[in-house]
Every structure is written in C-alpha cells, then in structure tokens.
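To begin, one chain is listed below as structure tokens, in the form predicted alone.
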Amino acid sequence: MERSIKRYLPIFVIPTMAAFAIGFIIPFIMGIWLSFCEFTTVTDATFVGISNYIKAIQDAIFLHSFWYTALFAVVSLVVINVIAFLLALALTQNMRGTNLFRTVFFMPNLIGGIVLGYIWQLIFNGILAPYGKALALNEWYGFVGLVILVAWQQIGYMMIIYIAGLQSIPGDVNEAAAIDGANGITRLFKITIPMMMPSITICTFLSITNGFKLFDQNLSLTAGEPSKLSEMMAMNIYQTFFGRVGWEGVGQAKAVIFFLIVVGIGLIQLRMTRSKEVQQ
C-alpha cells in the first residue's frame, strides 16, 4: 500500500502544486518585484529601488488609514468575540429553540459585504437624517457604523466556533468543580475559558485579520468619506493603485507593507493565545 502511494503521489501532487504556483507563488513574487518598480503593465516595469516605499510611508492618508484600521481591528475584535462568546454560552444551555437561534444569528454571515454596506448605509443615514447628520460628514460616524456592520455580520460565525469549543469540554470537569464548591463565575474563568483557548485562538485570529483586510463593507458604507478620512488600508491601496496615474508602484509597495503588517500581527496573536492553551 505504501509503495502504491509513493508511486502515484506525483500524479495528485503535481497538478495541485502547479495550480498553487501559478495562482499564488508567481504572482506573489511578481508583486514584490513590482513594488520596487515604476510601471503601467507588468511588461514595462522599470526598477526604481525603494522610492515607492518612501512615497508610501510619506503618504499622510496612508498613515491615517493604518491607525484608523488598527483601531477598528482592536474594537471589532473585542465586540465580536465578547458577544459571540456570550451567545455561545447561552445557546449551549438546556433551552428550547437553540437550533433556530443559531441559524438566525449565523444568517448575516451569508450576505455579501457590498450588499450589507448599502443596506446599513440606508439604516444609519435614516437614523442620522433627523439630526442633520450623515455617515459622509464625519469619519467617526463611519467608524461606529463599520463596527456595528461587521459585528452583525461576523458574530454568528464566531458563535458557531465557540459553540463547538464549548461542546468539546468534558462535562465531568465542570461537574467535579461544582461538587468542590466552585460557582459559575469561577468555573467560567478557571475551567471554561482556559479549555476554550483553541477556539479563542481561531476566533481572535480571524477577527483581527478580517478587521485589517476589510474592503467591501468600507467601500459600500462610507467609500472613504469624508475626504478619505474613513478610508481603511485595503481601500487606500486600491485607490492608490487604480485611482492615481503613475502611482501603481506605490500602490504595490503599500500592498507589501500591508501584507507584512497583517502577517506580523497574526503571528504575534497566534503566539500569545496558543501559549495559553491547555491540554484537555
């Protein structure tokens, strides 16, 4: 059996690796190369060194979008995971209709980001209109709107992951703690949360990376208004690359910087949360 696997392994591996190389590795390497070039197409690239990176770092709007995105990622991380965890706790109790509630809470995740952005734009502007306000008048209105929108969309998805984690905790552990006199709060912080760390690791990683990579909802909800002050990093890169003639290389440099930031934050977060995981 092992000989057969080794013999036919290339037949299955080579097509997959070829597709991965064509669809990811080659474009990724070309993207890094183009970040050091001036170009309009990939065939007329001219090497200019690190000048694109210097322009990217000196772009005040790009720096603003970084801090705006970082703050959004942190706030949305806390809001999404706290509410999702509390819902998971509630929906793993012995109560009727839990499957219905799980389905209802998960449904917003099935709606596309562009559609959600336009729907919530109508809702928020309708709420603000009687006060003479609008999302496009203040970047912090857009910030709060984006947090609410993303939380509404992603809470149900994270809730499902937390429910799976809660259901994997052996029941006799909590029973033994209850017999020993531990109350509900003590069991939550001393048993449930430590044993839920694998699920928390997954959810926090998804939340923080999704927060940094947010694009669709930003485009449809605020479109960067007013004056690009509600523009997040992904949208800023898009607008630089496609909206400013001669700045394609700078847009590519911003994309590389963006990639390094997201990877770095993701690795730090994984290391921090995995170090707290316990064996069940």
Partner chain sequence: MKRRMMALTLSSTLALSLLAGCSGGTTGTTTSGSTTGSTSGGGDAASGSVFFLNFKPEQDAQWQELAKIYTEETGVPVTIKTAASGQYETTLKADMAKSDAPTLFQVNGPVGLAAWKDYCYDLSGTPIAGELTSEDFALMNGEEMAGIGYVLETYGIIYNKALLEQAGYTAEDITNFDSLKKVAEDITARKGELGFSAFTSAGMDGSSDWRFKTHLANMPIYYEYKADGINSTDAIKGTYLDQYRQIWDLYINNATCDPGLLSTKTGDDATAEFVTEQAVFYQNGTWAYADVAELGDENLGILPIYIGVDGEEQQGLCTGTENYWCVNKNAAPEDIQATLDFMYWCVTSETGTKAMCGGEGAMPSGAAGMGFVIPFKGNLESSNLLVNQANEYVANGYTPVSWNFSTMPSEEWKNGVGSALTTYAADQTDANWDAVVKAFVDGWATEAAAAKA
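Numbering follows the first chain given and starts at 1. Everything numeric in this text was worked out from a predicted model, so none of it was measured.
The same protein also has a form predicted together with its partner chain, omitted here; what follows describes it.
Undergrad: Answer yes if any heavy atom of G49 is within 4.5 Å of a heavy atom of its partner chain in the predicted complex; otherwise answer no.
TA: Contact check for G49: no, nothing within 4.5 Å of its partner chain in the predicted complex.
Undergrad: Is there any non-hydrogen atom of T40 lying within 4.5 Å of its partner chain in the predicted complex?
TA: Residue-level check for T40: yes, a contact with its partner chain.
Undergrad: Applying a 4.5 Å heavy atom distance criterion, does F242 contact its partner chain in the predicted complex?
TA: Yes, F242 sits close enough to its partner chain in the predicted complex that at least one of its heavy atoms falls within 4.5 Å.
Undergrad: Quick one: does W67 come within 4.5 Å of its partner chain in the predicted complex, counting heavy atoms only?
TA: Outside the cut-off, so no.
Undergrad: Can you tell me which of 133-141, 90-98, 181-189, 70-78 lies within 4.5 Å of its partner chain in the predicted complex, counting heavy atoms only?
TA: Looking at the partner contacts, the answer comes out as 133-141.
Undergrad: Pull the contact list for 22-38: residues with a heavy atom within 4.5 Å of its partner chain in the predicted complex, in sequence order.
TA: Stretch hits, in order: G23, F24, P27, F28, M30, G31.
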